[in-house]
Structures are given as C-alpha cells and as structure tokens.
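Coming up is one lone chain in structure tokens, specifically the form predicted alone.
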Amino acid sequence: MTAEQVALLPGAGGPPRATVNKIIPFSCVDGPGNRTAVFLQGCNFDCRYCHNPETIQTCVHCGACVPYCKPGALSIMAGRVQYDIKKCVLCDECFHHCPHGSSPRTREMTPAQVMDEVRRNLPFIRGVTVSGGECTRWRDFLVGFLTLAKAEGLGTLLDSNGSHDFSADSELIAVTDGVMLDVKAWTPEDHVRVTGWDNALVRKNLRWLAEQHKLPEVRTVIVPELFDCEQTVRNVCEVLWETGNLNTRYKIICYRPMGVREVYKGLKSPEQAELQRLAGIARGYGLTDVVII
C-alpha cells in the first residue's frame, strides 16, 4: 500500500477512502445481470498485455497532462491536479500524455459517497462489482462499501488478480458474494514474465475460493508467445473439477493490442482455432460455462 493510500485509511483522519477511476452505472459484463461497476485506481501487477495501463499507477500530480485537456476539466491547485468530472468529455488525452502511466481522472471517495451514486441506479441493478486496477489494495474501503451495498439488498462481487489472501480476511469475505479471479499464468516463472509477480497466492486463492463456492468466474487472457496457455487452462480446470465447481464460468479471453502500451504491442493475438481448442480442453474437464471473448 502506498503512503497516499495509508493516509486515507481509518485513524488517519476520517472514514476509509479509495481513489476511484470510474463508475459505470449499468454493466452487463462485470458479473451476472445488470450491475454498477466501480473501478479503483492502482494495481500491484504490471501485466505486459494490460488493456488499461492508465489504472496501474496513482497520479503524482506532476501536471504534465493539464495543457492537453481542452475542455478545462483539469487544473493545478496547491500543487495538485484537480479534476472536474462535469467538464470532462472522456477524450483520454490526459493519460495518453501522462509520463507516469496514470490518470488524473480520479476522485477520492468514501464508501458512503460511492453508495450515493449507486443508489441512483436502483431498482435497475441487481448488484455491484468492484474492479480496478486491483480493488483489494483498498481493502478497508471495500469492507465499508460492500456492507452498505448489502444493506440495500444488492449482490456484491470483486474482480481481483488474486494477490490478496482472501482466506485470512473473514471480514471482507463476509460481505463479498464472490470473486471473479484472473489467473494470468500457471507456473511462477510464467506469471513473473507476464506480471512481474509470483503467483503462489493466486493459486491458493483459486482453490480456496472454489472450496468456499465463492468463485463465480475465472479469466485467462490468451497470449501464446508469452506463457504456456494450455498448461494454465488445464491446471485451472483441474482445480475446478477437484472442488466440484464445474458451473464456474471460465472466460478464455483473446489478447488484443488495443490500449496496450507501445512497448508491448508486438505481442500477437491468438488464432480463433487456438481459442476454440483451449475452450474444448476446458469443456473436456466437464466445465459447463466456457466463454470465448
């Protein structure tokens, strides 16, 4: 956790806060049904194929982006970049010109403030999903926000890279209906190549969440030249089979270069035949909900 994040936690001057990248009022791709999706800023992984690299780092308030904001949604005040969401036209020029791989289009929000925005979407949603970045970097905020969502009768899901030990966090799990887990690669060597991090905790979370029946979805982005995709798919399926979670949705995701940092755009997208082959392997384990996207 960064010093900036620590400063926003309870005991440091108020309720827990998180840096919110965006809130999508209605989403049908971030879990079952119509949901509000909340995206938090900052990620501990550095995936080579990240399609939203502007969510990895937090803004350092250098101001380099401000001159490129034609609508005037960005300004500098007291040495910090200020963002006016009402003026923003989502042209993306700010993070395209950010030298730190971040975005100034963020807001520091409490659980109550985010819940106020979610309530505007009632009764047209069945739940909320918190994603990122990596949402569990804002663990205390999550507990507060999901508690409020539960009180409204909403379902609660997290979209996570699996770097948080869910088995050791009963308070968070108690207000979380499930975790949609990214399994980037299976072996530690491959996972380091993809993300820069070891994956022992990811594999632990995969099995533990499956055993608790809190694993509605697993995702793997297929980049054949970057890691052993078949080995990853097989090992994920073995865990789901062993734990009796054959109804867990497994999304086999085609790598596409859109939004990826220039230095990694040389990675090649897999052929549809390869995606179909991997999906067939998953179905061969008995999985009933295998999706290629």
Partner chain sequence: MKRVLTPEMIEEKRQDVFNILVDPTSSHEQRVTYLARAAENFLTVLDEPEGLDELLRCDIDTRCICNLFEGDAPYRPRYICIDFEKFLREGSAFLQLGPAKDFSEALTNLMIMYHNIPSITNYPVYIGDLDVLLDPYITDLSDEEVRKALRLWMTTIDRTILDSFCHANIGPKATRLGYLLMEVEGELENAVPNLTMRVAKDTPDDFVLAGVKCSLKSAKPSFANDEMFRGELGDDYCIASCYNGLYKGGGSYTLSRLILSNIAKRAKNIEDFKTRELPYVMDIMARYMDERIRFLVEDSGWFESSFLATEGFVQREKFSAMYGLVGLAECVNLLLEKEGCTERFGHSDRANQLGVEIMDIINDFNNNHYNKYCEATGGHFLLHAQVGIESDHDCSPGTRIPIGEEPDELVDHLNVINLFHKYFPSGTGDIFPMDLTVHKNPQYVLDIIRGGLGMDIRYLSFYGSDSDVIRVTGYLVKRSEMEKLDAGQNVRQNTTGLGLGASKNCKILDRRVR
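None of these values were measured; they are calculated from a predicted model. Residue numbers count along the first chain shown, from 1.
There is another form of this protein, the form predicted in complex with the partner chain, and it is not shown here; the text below is about that form.
Under a 4.5 angstroms non-hydrogen atom cutoff, the partner chain in the predicted bound form has residue 34 among its neighbouring residues. At a distance threshold of 4.5 angstroms between non-hydrogen atoms, residue 251 is in contact with the partner chain in the predicted bound form. In the predicted bound form, none of the heavy atoms of residue 79 sits within 4.5 Å of a heavy atom of the partner chain. For residue 235, no non-hydrogen atom is located within 4.5 Å of the partner chain in the predicted bound form, even though that partner is not displayed. None of 257 to 265, 24 to 32, 37 to 45, 53 to 61 except one has non-hydrogen atoms within 4.5 angstroms of the partner chain in the predicted bound form; the exception is 24 to 32.
Put simply, of 123, 153, 99, 72 only one has a heavy atom within 4.5 Å of the partner chain in the predicted bound form, and it is 123.
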